[in-house]
Every structure is written in structure tokens, then in C-alpha cells.
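Encoded as C-alpha cells, the following chain is the form predicted on its own, with no partner shown.
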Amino acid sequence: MKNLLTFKNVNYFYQTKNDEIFALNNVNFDVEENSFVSLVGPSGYGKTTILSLTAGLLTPSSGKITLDGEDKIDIKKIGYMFQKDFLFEWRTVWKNITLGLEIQKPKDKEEKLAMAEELLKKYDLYGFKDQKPRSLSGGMRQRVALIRTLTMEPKLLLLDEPFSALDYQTRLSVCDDVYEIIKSEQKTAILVTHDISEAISMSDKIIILTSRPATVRETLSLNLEGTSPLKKRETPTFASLFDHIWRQLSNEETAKNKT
């Protein structure tokens, strides 16, 4: 399968008022087309930096990042989902979804508007298109945010803790919804999460990072049975995978605290 994203020997430094911080050290990994990849690691040690580098918001100090065969990051090929849905309360669901089209005015705007309408119908939100976001549940708001992103037809979705603001029960349901939409629309996604269970249940591959300067400690390829993240949590190998990743991260926390 073709690699959509490649990090090759990527290093990243940044300057603070008093010091230079070595954030990433020789990071190497690939993300294949139509795959779902999760980044897990110690808190505050490189995961979001990797997303920012992928999106072209930061430039690597050295090394090479390739997106869709190109060395130069094309921001139009990136879709970003954050912890908050960032829906504007004074705009309707439809107006929120089409905001990017209003701003960018692409040549194929009519085609993208038609696609947005079809996505709303496909994922049971069409009846809410003229309502304001305040009338939606947390899960519905995240589906709207994802459809807004998909309407711009990105090649790669970057998900930065998009479920962390939800209560546990809603989080499980929304994970299923988002996973179904991403897989159905044949999109490639990278998820940053502190939730090991979430990473295992949603991912084809998990990249475990070390503490700073972060590098790839281990890459796990997963092939769990089950049609949804919730079902995958019930598989026999789920617990052993959780234990393995938890031990890896615990070792990193122990090493970090000793330095």
C-alpha cells in the first residue's frame, strides 16, 4: 500500500527564553493510505509537535517529511480536528459546515456543497442542518465538525485529542461514529490520544514515543477482529495489547522522572 506520509530522520529544536529544547530526535515512521494511526507517549513530549510538523505549521530542524509524494506540505491536503469542535453558535449547522468553502471559494464549490449535503444525509444529520449547534449533543457536534473537515476533501486527517472533552459513555459512542465515517469515506487519519484503549480500538498501527527528546520507541501493527472500536475492545488480545503499551509508557515515565 502506498505511503501517504513519511517522516525520515526528523529532528526538531525550539528556543525558549533561557534554553534550546530538543523536542524530537531522529523520528522515523510511515503512514499508509487509508490507514488509521495513533501516536501515544508521555504527556507533553512530542505528539502534538509531530501533528504541527505534519500540517506544515512547524518546519523540522533537520530531516525530511513527505506528504502525498511531495516534500513541500500542501495545507489544503490536511484536515484538523481539535479537542473542541469550534462550531460557531450563531451559525446554523449548514453554515458551519460550509464555512471553509465560503472562505476558500474553490472552483469546485458546487460539487463540494453537494458532497456536504450527501454527508449530512448519510450520517443522520440532515434534519438538523438549519438548527444552531447548541441544540446538538456532544457526539452530534463532533460529527458536524468532522463533516465540515471532510467537505474540504483533505488527504490526511489529524485528530488532536478530539474526544477528550466528552464524558466516557458519549466518548465510546463518538469513537464508533468517527471511526465509521473515516473508514467509510476512505480517509487516512493520525490520532493523538492519552487513552490507550482508544488507540488500540481505533488503530491499524500505534506509534509509541519516548520521553523528550522524543523518538519512536516501538511501532505496533494491529489487526483486531470487530467491525467497530467498541467491538474491538471485546477481543481476546485487547487486554494484552493494553498491558504492553501501558508498561512501555510507564517505563518512559519512570525514566523521565529519574532525569
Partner chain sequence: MKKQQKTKPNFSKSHQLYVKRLKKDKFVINFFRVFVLVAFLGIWELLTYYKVLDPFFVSSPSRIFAQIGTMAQNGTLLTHSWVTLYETLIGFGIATAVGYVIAVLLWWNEKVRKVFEPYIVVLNSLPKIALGPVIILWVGAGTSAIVLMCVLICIVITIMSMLSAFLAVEEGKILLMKSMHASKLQILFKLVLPSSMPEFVSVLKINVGMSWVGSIMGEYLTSKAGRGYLIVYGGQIFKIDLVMASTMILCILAFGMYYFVSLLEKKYNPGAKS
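Note that this is a predicted model, so its numbers are computed, not measured. Residue numbers count along the first chain shown, from 1.
Note that the form predicted together with its partner chain isn't included here; everything after this is about it.
Novice: Each of K76, W90 and Q104 near its partner chain in the predicted bound form, meaning some heavy atom within 4.5 Å?
Specialist: Every listed residue reaches its partner chain in the predicted bound form, so yes.
Novice: Partner absent here, but in the predicted bound form, which of 168-176, 108-116, 184-192, 78-86 has residues with a heavy atom within 4.5 Å of its partner chain?
Specialist: Of the options given, it is 78-86.
Novice: I'd like to check something about R143: if you look in the predicted bound form, is any of its heavy atoms closer than or equal to 4.5 Å to a heavy atom of its partner chain?
Specialist: Looking in the predicted bound form, residue contacts with its partner chain do not include R143, since no heavy atom lies within 4.5 Å.
Novice: Taking the shortest heavy atom distance, is L230 within 4.5 Å of its partner chain in the predicted bound form?
Specialist: Although its partner chain is absent here, L230 would stay clear of it in the predicted bound form, with no heavy atoms inside 4.5 Å.
Novice: Please check if G100 has a heavy atom lying within 4.5 Å of any heavy atom of its partner chain in the predicted bound form.
Specialist: Answer yes; at least one heavy atom of G100 falls within 4.5 Å of its partner chain in the predicted bound form.
Novice: Going by a heavy atom distance of 4.5 Å, is K122 a contact of its partner chain in the predicted bound form?
Specialist: So K122 does not count as contacting its partner chain.
Novice: Using the arrangement in the predicted bound form, list in sequence order the residues of 144-159 with any heavy atom within 4.5 angstroms of its partner chain.
Specialist: The stretch 144-159, when checked against its partner chain in the predicted bound form, contributes only R148 at the 4.5 Å heavy-atom cut-off.
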